[in-house]
Ligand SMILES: Cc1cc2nc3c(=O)[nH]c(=O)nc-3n(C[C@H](O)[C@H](O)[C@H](O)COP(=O)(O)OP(=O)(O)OC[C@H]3O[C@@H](n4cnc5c(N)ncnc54)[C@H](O)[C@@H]3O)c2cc1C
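The chain that follows stands alone, in the form predicted on its own, written as structure tokens.
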């Protein structure tokens, strides 16, 4: 029943929530109560924001290790591909353990994105006074342009390049992050929540792009590693549901549940936690490691993301372009949707729409940060196709 949906998922962006999960999808339709689903008002004139980010991908996996700059200990914590938010607490826990081995009274954190903030908060909890040095605070960083779903192995490493034993390290980071994110459930502003997510196949295809479309290239397509099977106990399996019980024009519908970060509220909560605990923010634009070595703090956690390519001359970092469009919020829409290479996430600050028709390799080694209005409008029109007339 879900063969077509499964094929789409395996080609899609959500390795954790869709591809790996569908491999164990239940064979019988879910008999539980199917909630009434409000249709998404998918119109191009409701797009109010388009944002592009360059995901910082390292074929070997994230860099979490130490380096000495004279008398300064630098702990690197960057290169998480599409899994920065999802792995932030687990990766930062590893980085902070390295940073606190010498019991420093003060710690500097470079960068104020997802990894920078979680590193800073954990260093505070470990007893250090923390100053974040960065060009901008979270709302202006590339972390603020993420989709907001918990996808801990999205573009995290390449199959044939991952460091030895990385799968075990990844599982530890994923489980630690999952537990930490649970602490933000139910808080004012709903920074973290669980939603239903539907995967839909069939229906109209009058204007949508082919799910199998890709750019022809002589360069072999990257094969991304997937480790989701090792944490299948953390999230529900996918189950088929009756298509006629939904507003979708579909031949097959699958449903699961996924954790979502409402990034505006979540980021605001993290910043508040940091400042309430006495954290300081200093605006800085580092161009060379020597500037970092000159800081008063002699233990530094480097969370510069893709910026580490230039700052640390890390040529292993590969940009992976990603674009999201946001539709005006619909408070009544509390479910995610995957359809014909388009993902929709019902964040509180706007319904996020992202095209991933090229699968995980879409945007690989693409440094173009210019928003593409045509791409955004095509994605919205594709979502509009899936809803039955009058739904």
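Numbering follows the first chain given and starts at 1. Not measured: the values here are computed from a predicted model.
If you look for the form predicted in complex with this ligand, you will not find it shown, but the lines that follow are about it.
For the candidate set 243, 128, 225, 311, a heavy atom within 4.5 Å of this ligand in the model of the complex is found for exactly one residue, namely 311. The single contact residue among 90, 254, 267, 81, judged by any heavy atom lying within 4.5 Å of this ligand in the model of the complex, is 81. Here the chain stands alone, but in the model of the complex its contact with this ligand, taken as any heavy atom within 4.5 Å, falls in 282 to 290 among 100 to 108, 282 to 290, 231 to 239, 194 to 202. By the criterion of a heavy atom within 4.5 Å, residue 303 is counted among the residues contacting this ligand in the model of the complex. Residue contact with this ligand in the model of the complex: residue 85 places a heavy atom within 4.5 Å of it. Residue contact with this ligand in the model of the complex: residue 124 places no heavy atom within 4.5 Å of it. None of the heavy atoms of residue 344 is located within 4.5 Å of this ligand in the model of the complex. Using a 4.5 Å cut-off on any heavy atom, the one residue of 353 to 383 that reaches this ligand in the model of the complex is 354.
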